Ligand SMILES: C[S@@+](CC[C@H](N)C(=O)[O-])C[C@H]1O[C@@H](n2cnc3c(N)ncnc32)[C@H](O)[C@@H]1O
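Okay, so here's just one chain, in C-alpha cells, the form predicted on its own.
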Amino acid sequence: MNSPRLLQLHRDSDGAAEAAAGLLLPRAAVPPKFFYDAQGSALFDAITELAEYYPTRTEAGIFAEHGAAIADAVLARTGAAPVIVDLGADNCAKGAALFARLSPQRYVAVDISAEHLAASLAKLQREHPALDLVGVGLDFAARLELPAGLAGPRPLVFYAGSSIGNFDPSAALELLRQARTLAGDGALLIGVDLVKETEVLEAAYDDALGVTAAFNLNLLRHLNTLLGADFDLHQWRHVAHFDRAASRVEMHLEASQTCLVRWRGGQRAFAAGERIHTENSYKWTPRGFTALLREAGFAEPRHWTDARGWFALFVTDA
C-alpha cells in the first residue's frame, strides 16, 4: 500500500504578518482563510449540515443528477485517468467523490495546512491503497503554483463549494488565470454560488442556531493563538448582510463596546460599532461567470444547475 506524501509550502509566520497588517487597516479586515483552524473547520462542517445553508447539498444534488455528464465533459478534456488537483480540499470528501467516475492516477489535495490534510489522506489511502496521494500545504490565495510535474500536463483542477466567491472579481480573475496555467491541456471543474433572493442568502450566513456566528467569532480565538492577541469574544458580535449592488454577502465582527486589543508588536483601539471585515462571498450569474472564465483564458464552458438555479458547476478548458 502507498503512503500519502505531504508537502508544506506555506509558513504560519507569513499568515501572522498578514493578519496583523489587516487589523491595522483604516477599516480592519482579516481574510477568510483565517477561519480555518481545527475548531473553525469543525464549525464549518457543522454549518454545511444546517437547513439554511444550501450550497453544499445543492452542489451534491447537481453531481448526483448530472455526474455522468460532468465526468464525460472532464474526461473529454483531460483524457483517461487524470491527476485531480483539489483546491481547498479540507476533508477531501468532495475530491474523493470523483474517484469512481474519473479513476485518477494521482490525487493532489491542496489546503493551507498539509498537517490538516494528513488524517483525511491516511483514511483515503486505506480505501484506495494503490492511488498516489499528495497533500500540499499552500496558500493559493497568494499564489497558485505547484512543484514541477506534480499535476502533469492534463490535470483536472477542481475547486468545489463556491469558495471562488471569497475573491473579489479582480482577484477571482487572477486566481482563474493561475488555474488556467496549472490546468495546462486539462480542465477546470468549479462550483459557483448564484444570485438569488436576499432572505435566502442572509439566512445561509446568519443561521437561527448561531453556528455561523460561532464560526465567525472563532476567527478571533484563532488570532489570539496566532498573534498572541487578547480579543475578548464577549465584546464582539456577528453581522452578515447581502449587498445586492456589489452582488456579495459580507460578514463582519462588530465591537459591542469600546475595547483595546493588543498583540505581539501591535495594538488597536476599536470604538463601539466598529467592525472587522472577515468575508465577502460574491454571487454570480451564469452569464457573468462565463465571461470571467473567458477573460481568464478558458474556452466557452459547459455548466449545470439545480432546478431552482441556485448553484452551478462549470467545466471548461483552454
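All residue numbers are counted from 1 along the displayed sequence. Since the structure is predicted, the reported quantities are computational estimates derived from the model, not experimental observations.
This next part talks about the form predicted together with the ligand, which is not shown.
S.K.: Within 4.5 Å, heavy atoms only, one stretch in 243-251, 161-169, 119-127, 194-202 touches the ligand in the model of the complex. Which?
M.R.: Among the listed stretches, the partner-contacting one is 161-169.
S.K.: Can you tell me if Ala141 lies within 4.5 angstroms of the ligand in the model of the complex, counting non-hydrogen atoms only?
M.R.: Although the ligand is absent here, Ala141 would touch it in the model of the complex, with heavy atoms inside 4.5 Å.
S.K.: With the partner left out of view, is Arg180 within 4.5 angstroms of the ligand in the model of the complex by any non-hydrogen atom?
M.R.: Heavy-atom contact with the ligand at 4.5 Å: absent for Arg180.
S.K.: State yes or no: in the model of the complex, is some non-hydrogen atom of Tyr36 no more than 4.5 angstroms from a non-hydrogen atom of the ligand?
M.R.: Heavy-atom contact with the ligand at 4.5 Å: present for Tyr36.
S.K.: Taking 4.5 angstroms as the cut-off for heavy atoms, does Ser113 touch the ligand in the model of the complex?
M.R.: Heavy-atom contact with the ligand at 4.5 Å: present for Ser113.
S.K.: Pick from Phe289, Phe44, Tyr54, Phe270: which has a non-hydrogen atom within 4.5 Å of the ligand in the model of the complex?
M.R.: Exactly one residue meets the criterion: Phe44.
S.K.: Looking at Lys94, His222, Arg77, His238 here, can you tell me which has any non-hydrogen atom within 4.5 angstroms of the ligand in the model of the complex?
M.R.: Exactly one listed residue reaches within 4.5 Å, namely Lys94.
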